[in-house]
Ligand code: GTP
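Take a look at this one chain, the form predicted on its own, written out in structure tokens.
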């Protein structure tokens, strides 16, 4: 079985960090973002196809150096094709039932349960659904009593939504869906899904967590959820953290951490350095970054090799 990850974006909302690395490998709670999609896949998924258009060489190098237990196929888009066009562009690899994911989605979806439900219903596709209080910023989905999707709304005005269920960006499709995608730039949501409802497109609701982690704010929210779920971890020897005050759930891999205050919701990647008296909260500090003495970091992403000067105050920022 195969899985497709739509990872063709330029990562503009995470710039300047994504000037030097593609978004799929930005570290999220100890693993590159894309691994949070790959690693939970059912065992029968033996091939993962990444539809990419930015820093393909970087991604190739990552997967050559890191065995993820499945064959990885990188397919380049010479120009953006939209969600539907991206599927059509890799159609020669999709000859059986397959998973498809938006590359920014971090969630607690049980993929095995979703696959079982899809096989029982025998439709053309199954879409993961997430419930929100205000669906006006999302694609809204209405279903009947059997779970069959009956209607789509794109960003309805408050009070006009057909339901509180939104498209969660994770799917299972039969290859027949590809026959309904025209050539060129195509949106699955607007130009394909409404035309295949007669073939049985079903919703699969789930609970737990769901984050579209494409911005600094949402990325750090996903980091917090994952760290809280793990209970927080210290990967380096505790003796290396003498004098460090750790608050809440964090992942500390860095081994050069002088007496400071870390947390909550901080990931210090291995190779990061933290000076005496620094205070870091709700932030990512990547390998090679240096946090100066007495510096204060909050709500920020500090890229590899970035230097925060002594006493500096960095808030709600991406520094690379």
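Bear in mind the structure is a predicted one, so any value in this text is a computation, not a measurement. Positions refer to the first chain, counted from 1.
There is another form of the same protein, the form predicted together with the ligand; it is not shown, and what comes next is about it.
Between the ligand and the residues 278, 52, 266, 49, the one pair within 4.5 Å by heavy atoms in the model of the complex involves 52.
Of the residues 107, 86, 177, 128, just one reaches the ligand in the model of the complex with a heavy atom at 4.5 Å or closer; this is 86. Taking non-hydrogen atoms only, residue 12 approaches the ligand to within 4.5 angstroms in the model of the complex.
By the criterion of a heavy atom within 4.5 Å, residue 123 is excluded from the residues contacting the ligand in the model of the complex. Residue contact with the ligand in the model of the complex: residue 139 places no heavy atom within 4.5 Å of it. Looking at residue 77, you'd find a heavy atom of it within 4.5 angstroms of the ligand in the model of the complex. With the partner omitted here, the stretch from 145-153, 95-103, 113-121, 199-207 that lies within 4.5 Å of the ligand by heavy atoms in the model of the complex is 95-103.
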